[in-house]
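A single chain, nothing else alongside it, follows as structure tokens in the form predicted alone.
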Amino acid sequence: MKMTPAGVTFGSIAVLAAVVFVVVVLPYADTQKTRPSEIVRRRTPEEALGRRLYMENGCVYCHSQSIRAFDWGMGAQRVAKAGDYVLDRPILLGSARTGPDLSQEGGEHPDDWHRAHFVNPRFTRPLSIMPPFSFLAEKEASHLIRYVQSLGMKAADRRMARQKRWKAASVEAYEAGPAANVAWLHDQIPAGWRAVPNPYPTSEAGLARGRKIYQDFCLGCHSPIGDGMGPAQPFLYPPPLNFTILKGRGISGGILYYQIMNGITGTAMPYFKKDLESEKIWEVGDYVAVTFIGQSDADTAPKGIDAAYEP
């Protein structure tokens, strides 16, 4: 075959047509077969406005919205499906995880946590590198919160219903006074946990580690002195727990561990089971007990065999 002008022209067109067919037409045809997944619903007008703010402010540059099967380290409860995105134009999968994945963010926290987080992310996550969004008007912030709380769609709606249910209960307990509030908080913990002491002995090194964890995760809400008056406090209701009121109220290492691990749904207290390994939770709990409560049951009976590394 000679490289004539006609041959080059028609050959180039044929190659381009083949590429377009394989890269554009076939994927498009396959995508049209995608059906909505079991969690898909249409967003409300307020959520749609929040989505627009999410795009305009470049949130997608740092937050993905897709959990893959091998992302077990993200701790997600649901792997993303193609059918999750059928109503989204454009699809905001994201390509970086500078911040956490948000595909199932709806209902992970109550609205007031997000409000404090958008004003200054360091209020709720002291190590966050996310820029503050305090420049948003009140209505804009509300729209953005509604969008974030919709992520996960029907699954997020179920989590939001859980948040609202426990928010009402936690507010009622807080307004009943410190004694009733602490009793209510303890009642939500399985009885077996309440009797478990901290299995690690209090040590200088352990308290130093606990102090570092407290600074990295707890400072913004509970404050440097543990009185619940951190910078996030003005935005939160019920406010963060004042640890200093817990002395003599039946506190144990197991209670502290369970609440740090599992959080307190309905309040701004998140769970840390994805962030902290077991020993770190025990040690920050002992730091709180020793430093702010003034009593610790670390390494007391009932106890089992000491770990090999313990003194």
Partner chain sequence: MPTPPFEGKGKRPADEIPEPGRYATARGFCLTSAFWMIVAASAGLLGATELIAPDLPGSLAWLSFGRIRPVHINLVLFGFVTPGLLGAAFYYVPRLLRTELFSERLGRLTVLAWNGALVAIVVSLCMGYTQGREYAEPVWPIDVLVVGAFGLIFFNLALTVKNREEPLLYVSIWYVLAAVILTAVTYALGNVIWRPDSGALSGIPDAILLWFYGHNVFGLLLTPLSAGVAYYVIPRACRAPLYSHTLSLLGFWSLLVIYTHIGTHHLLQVPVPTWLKVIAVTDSVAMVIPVMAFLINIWYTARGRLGEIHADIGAKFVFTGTVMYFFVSIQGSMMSLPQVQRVTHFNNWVVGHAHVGVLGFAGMIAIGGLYAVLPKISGRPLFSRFLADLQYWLILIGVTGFTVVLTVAGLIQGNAWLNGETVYRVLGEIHMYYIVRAGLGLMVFSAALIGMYNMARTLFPRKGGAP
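Only a predicted model underlies this, so the values are computations on that prediction, with no experimental measurement involved. Note that the rigid core is defined as the largest set of C-alphas that superpose within 1.5 Å between two forms. Residue numbers count along the first chain shown, from 1.
FYI, the form predicted in complex with the partner chain isn't displayed, but the following is about it.
Peer 1: Between 207, 92, 141, 76, only one gets a heavy atom within 4.5 angstroms of the partner chain in the predicted bound form; which residue is that?
Peer 2: Going through each option in turn, the one that passes is 92.
Peer 1: If the cut-off is 4.5 angstroms on heavy atoms, which of these, 264, 276, 40, 49, is the one near the partner chain in the predicted bound form?
Peer 2: Of the candidates 264, 276, 40, 49, 276 is the one lying within 4.5 Å of the partner chain in the predicted bound form.
Peer 1: Flag residue 225 as yes or no: does it have a non-hydrogen atom within 4.5 angstroms of any non-hydrogen atom of the partner chain in the predicted bound form?
Peer 2: No, residue 225 is distant from the partner.
Peer 1: Can you check whether residue 66 is within 4.5 Å of the partner chain in the predicted bound form, heavy atom basis?
Peer 2: Looking in the predicted bound form, residue contacts with the partner chain include residue 66, since a heavy atom lies within 4.5 Å.
Peer 1: Although the partner chain is absent from this view, report whether residue 175 comes within 4.5 Å of it in the predicted bound form, heavy atoms only.
Peer 2: Residue 175: no contact with the partner chain in the predicted bound form.
Peer 1: Using 4.5 Å between non-hydrogen atoms, is residue 9 touching the partner chain in the predicted bound form?
Peer 2: Residue-level check for residue 9: yes, a contact with the partner chain.
Peer 1: The partner chain isn't shown here, but in the predicted bound form, which of 104-112, 126-134, 194-202, 228-236 has heavy atoms within 4.5 Å of it?
Peer 2: Stretch 126-134 is the one.
Peer 1: Residue by residue through 8-27, which ones have a non-hydrogen atom no more than 4.5 angstroms from the partner chain in the predicted bound form?
Peer 2: Read in sequence order, the residues that approach the partner chain (within 4.5 Å, in the predicted bound form) are 8, 9, 11, 12, 13, 15, 16, 19, 20, 22, 23, 24, 26, 27.
Peer 1: Has the Cα of residue 23 moved 2 Å or more between this form and the one not shown, judged after a core fit?
Peer 2: Residue 23 C-alpha, core-superposed: shift of less than 2 Å.
Peer 1: Superposed on the rigid core, does the Cα of residue 11 end up 2 angstroms or more away between this form and the one not shown?
Peer 2: Residue 11: C-alpha displaced by 2 Å or more between this form and the one not shown.
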